[in-house]
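In structure tokens, the next block holds one chain alone, the form predicted on its own.
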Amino acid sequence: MRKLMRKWNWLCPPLMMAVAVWIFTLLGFTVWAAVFMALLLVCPAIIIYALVKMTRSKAGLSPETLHTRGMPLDVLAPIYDRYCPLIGLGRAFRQTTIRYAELMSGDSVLDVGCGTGVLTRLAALAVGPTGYVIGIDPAAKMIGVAKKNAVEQGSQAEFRLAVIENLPFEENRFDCVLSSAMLHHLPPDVKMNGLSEVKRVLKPGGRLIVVDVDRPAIFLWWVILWPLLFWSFTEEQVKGRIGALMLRAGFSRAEKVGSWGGFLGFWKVYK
């Protein structure tokens, strides 16, 4: 029963939102006013609860999952490829990331926190048969799905278990490193160690493409995401300090090149 509950607990947030909207409409609110009130009151509560659970609980982790003080997402592996498009992180989002990466034939690419490998496989297509692309993730179930999908799709992308704070690659190995929606999974010190490792494995003049939680561009996202200001994993990012974070890690230049959905920022960072 407990395993079944863990499998379907991702349904709880939307159900809570739906119930809250229904209650507010019963109280006489219009539908749109009810939705706004649900966002104002329920979403922050969901975020706070999720942060506590993710940082304190190891439930659902595969025995092969590597130890890290970040947040492996083993529990989401079975639904990840269906869940991401539902929240606006589908193929168009991945293609935009690849476009900012400006990959060329023959490039060597590392995807840190690759999850099920959707972005990694797109990168492999972009660099062609003469290129080299590998995705890493600490979550064994994610890597399992990524390898399975790569075989089924005939992708040349490789995958292995590894953590960003201890990359198993030599110095000056990669032309480009991709980090898509994973930086906010790391506590501040691990984040800095991980970025230093990324800088180490990048070739001189190489680039890191980061897309992650950034300073919200619209008021509605502030209403929903304000709890992230009080979580050490995301505080600096929500305050708009991703560029400063990159410079502290030793990169020579960091520029914001785009945004997605009003709360994710695309950053291009150079060694």
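Owing to the predicted nature of the structure, the values given are computational and were not obtained by experimental measurement. Numbering starts at 1 and runs along the sequence shown.
Below, we refer to the form predicted together with a small molecule, which is not included among the displayed structures.
Enquirer: I need the one stretch from 148 to 156, 169 to 177, 127 to 135, 108 to 116 whose residues put non-hydrogen atoms within 4.5 angstroms of the small molecule in the predicted bound form.
Expert: Looking at the partner contacts, the answer comes out as 108 to 116.
Enquirer: So, in the predicted bound form, is residue 68 in contact with the small molecule at a 4.5 angstroms heavy atom limit?
Expert: Yes - in the predicted bound form, heavy atoms of residue 68 and the small molecule come within 4.5 Å of each other.
Enquirer: Please tell me whether any heavy atom belonging to residue 100 falls inside 4.5 Å of a heavy atom of the small molecule, as the geometry stands in the predicted bound form.
Expert: Looking in the predicted bound form, residue contacts with the small molecule do not include residue 100, since no heavy atom lies within 4.5 Å.
Enquirer: Even though the small molecule is not shown here, does residue 122 get within 4.5 Å of it in the predicted bound form, heavy atoms only?
Expert: Close contact is absent here: in the predicted bound form, residue 122 is far from the small molecule, nothing within 4.5 Å, heavy atoms only.
Enquirer: Answer with yes or no whether residue 197 is in contact with the small molecule in the predicted bound form, where contact means some heavy atom within 4.5 Å.
Expert: Looking in the predicted bound form, residue contacts with the small molecule do not include residue 197, since no heavy atom lies within 4.5 Å.
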